[in-house]
Structures are given as C-alpha cells and as structure tokens.
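Listed next as structure tokens is one chain, alone, in the form predicted alone.
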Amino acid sequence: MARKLLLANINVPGINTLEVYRQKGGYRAVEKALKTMTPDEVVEEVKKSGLRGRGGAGFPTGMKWSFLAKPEGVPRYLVCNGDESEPGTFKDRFLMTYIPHALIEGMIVSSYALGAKVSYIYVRGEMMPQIRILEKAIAEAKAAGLLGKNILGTGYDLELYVQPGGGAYICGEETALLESLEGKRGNPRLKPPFPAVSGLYGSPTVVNNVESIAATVPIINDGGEEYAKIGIERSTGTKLISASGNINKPGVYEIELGVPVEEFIYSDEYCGGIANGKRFKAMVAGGSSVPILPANLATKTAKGESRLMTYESLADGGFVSGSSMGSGGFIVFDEDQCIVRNTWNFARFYHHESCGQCSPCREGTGWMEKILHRLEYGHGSFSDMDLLVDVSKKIEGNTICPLGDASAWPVASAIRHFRDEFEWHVSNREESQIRNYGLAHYADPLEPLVQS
C-alpha cells in the first residue's frame, strides 16, 4: 500500500470536523511552527522537502516563497488558488469537501512563514457547498483560538477569508485571480512585475494551489528531509490524482510520485484497469491542457523506458512524444473513444473560457473549435489538419497567460498521434454526418446550420 499523507484519515467518520481532525493529530503543525520555529525556518523546511506546486506548473514551492519581497510597512498576502476549473481535475474539491481543516491548517502555517496577517482562499464560484464547508471550518478554528488574534498565545495574528470565484476558468491563472479578488474583471496581468513583488492590492503576494498548501502540514510535522525521501529524484512526496474516463475505479488517489503509469491504470489499488474489458487507447495525464498520448507512449517513453507518474518522466520527449503532470487530471480513453470528438470538446471549452484579451487566443481558439467541429461532423478536408497545426502554432507562446498554450497543445498532439483518425472523418464524410446528425444533409458548420 502506498503511503498517504493528505488522505491518511479520509475514511475516519467526522474527519471534516475540528474535534475529530484534532484527535487525529490535526493542528500539530500549527503548534510546532508557531511555538518552536521562525518563519524563515518554516520556509527552509519547505525548501528541503522539494515540494513542487501541485496546481500544474510544478515550480518549487519553497523557492517561490523565498522570492516574496519584504518591504517595511507593507502588508504581505497569501492567496490559496481553489479555482479548480481544469476539465478532468477535481482533487482540490475533494480535499476541501472532506478534509477542510487540512487546508485551514496549511494556510495558517504558510501564512506564518510568509509574514501574512490576512490571507484568502479563492474558490471556484460554482463550488458553493465547498465554500460553506470552508467557512464553517474557519469558524471552528477561530472559536478554538487557531485563527484571529494571538493564535495559541504566540502573538501571531491571522484573519482568513473565503472568496467565491468569478465564474471563469481564466481566474485560475494567478494574476487573473488577483484581479478578480480585487473586484475587477479576471484578466491576466502582464508580468513583470510578478505577484511576489506586486500582487494583491499592489503588495507582495504568494499564490499557491490547495494541495500545495495542504502538503505543508506533513512537511512541518515530519520535517522536510523526511518528506523528500518519498517519491523519486526531483519529484518528491505524494500527489493527488483525479482519475476519470474509461476506467473501472474513477476517483481521487494519493500516490507516491514514481508509480509507473501502467501500474496506476491497471492496479486494483488505483484505477482497476480499463472498463468493460476494452483496450486502452490514449490518456491525458494532467487535465485537458496537456498533450494527449497514445497507449504506447502513455506507458513507455520514446526511449523504451517505463513511464512514471513524475514531473520528469511524463515530460520525457517534450511535447513531441511526452506530456505533463499538469494538475493531475488523469483521463483515460478506451478503444471506442473518438479522439476528434474529444479534441473538439476540449477546444469548445477553451474558446468559451478565453478572456479575449489576446488576439491569438481570442481568434485562434474560435477557429480551432470551428475546424474541429467541421471535421467531426463530416464536412472537413484533408488540409484542415495542417490548418489546425498552423493555427495552434500561431497561438502557442503568443499570449499573456498560458490559456493559449493550453488550448493549442491538445490539438497539436491529437493530430500528431492520431492523424489517421482525423483523416477517417474526411474519407468517411457520410458516416460521420449520420453518426452525429442522424441524417446527412447539414451544411458546413462554418456556415449557418440550415436543413435542406
């Protein structure tokens, strides 16, 4: 059995309450950090742990904390990014729902390390049940003297607030999140300046993911060096994975980084194999924003090595024959899944969620959606594949935030690895039309849809 740090007590009745959470050792990290450690020592332990951001970027958390500017007389802020909107990703929602005090405890420890006196948890606006759960947990913690003035008699003060999100995927980007938190439209900011220098209300700010902040609790309890012993190489510790798609056991799993992808898919401890005895066709390892991989590259790297659930192994081969850990949204496709249709579905999402600030993303996501719709519905041409690749290249690297890249990578990789499937939709127009429409006389979707 894999070691569990965040979900060790997930099946304990009442673990969502302060009483039971404390019975199981909860808030020991707060007592240890506030009573026996300096803020710099907490930062140092997180550095030693090798913890990398669990929201998608994988940047070393302790290093990110060390960049925080500390001008005299200027407040500092910690903002937790709970705007989990990536298709295929639901592990932060799971954590907030069932173990809310793990996040609250992590927020107290992290805020202390950063010198923040006011911190925020920004939660996706559609997650109102989770917002209410967190507000209740904060009230419990405050009543117990774990939040507010003079926490545990240590002289440290912290106010913690939950802020519903602005209802936009783009608000998951840290600077767009800060704009939204300030009451503005959630448009990403140009960087520099980075939030560590000028973030919330123009003050030094750290933005971390829910899982990243919760992970600071076992790091402080057991020590950074002990945490670093879990995992492999630069992928240390455990990772929450949202597993979905055509598998027997969808759900949230906590893995020790380094588990082979093949084991994760087929082991009874995790996904339990492909549903209904079907063949494994493809996967995306980190949510809809990362490149899709066919079965042969999903379990083996281009060098023939076993592909592991680590930041390095999943990225081996770059975006030609590799993918990315991303947010841990692990989606499995069986042999019956249409890659064209699923790619179109991803493209629809990114077109809808583009903030429109950058022309390549605003226009390019729309054209990718339309061309993919045209192919899926039997009105495409062989040149459409090259056109899609060209559009994706014009988006990638040419936008203020990574949403443009996130829309381009799945499309480019789908064509790279499954071009024959795209060509089938051109060669079998009538079958594609009948399969989607039920009849075969609709116009090109780039024109108004009119029945003849």
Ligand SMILES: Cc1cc2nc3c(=O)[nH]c(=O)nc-3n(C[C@H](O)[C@H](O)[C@H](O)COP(=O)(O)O)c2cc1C
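Predicted, not measured: the structure shown is a model, and the values here were computed from it. So that there is no doubt, residue numbering starts at 1 and follows the sequence shown.
Same protein, other form: the form predicted in complex with the named molecule, not shown, and the subject of what follows.
S.K.: For the three residues P75, Q163 and L181, which mark the spot I'm curious about, does each lie within 4.5 Å of the named molecule in the model of the complex through at least one heavy atom?
M.R.: Per the other structure, none of P75, Q163 and L181 touch the named molecule.
S.K.: Using a 4.5 Å heavy atom cut-off, which of 30-38, 51-59, 66-74, 414-422 contacts the named molecule in the model of the complex?
M.R.: Result of the contact check: 51-59.
S.K.: Of the options G106, G380, G172, P195, which one has a non-hydrogen atom that comes within 4.5 Å of the named molecule in the model of the complex?
M.R.: Result of the distance check: G172.
S.K.: Looking at V207, M283, I241, L375, which is the one with a non-hydrogen atom within 4.5 Å of the named molecule in the model of the complex?
M.R.: Flagged contact: V207.
S.K.: Should T343 be counted as a contact of the named molecule in the model of the complex, where contact means heavy atoms within 4.5 Å?
M.R.: No, T343 sits far enough from the named molecule in the model of the complex that none of its heavy atoms falls within 4.5 Å.
S.K.: Would N81 show up as a contact with the named molecule in the model of the complex if we use heavy atoms at 4.5 Å?
M.R.: Flag for N81 set to yes.
S.K.: Within a 4.5 Å heavy atom cut-off, is N246 in contact with the named molecule in the model of the complex?
M.R.: So N246 does not count as contacting the named molecule.
S.K.: Quick one: is L403 in contact with the named molecule in the model of the complex, heavy atoms, 4.5 Å cut-off?
M.R.: Taking the distances in the model of the complex, the answer for L403 is yes, it comes within 4.5 Å of the named molecule.
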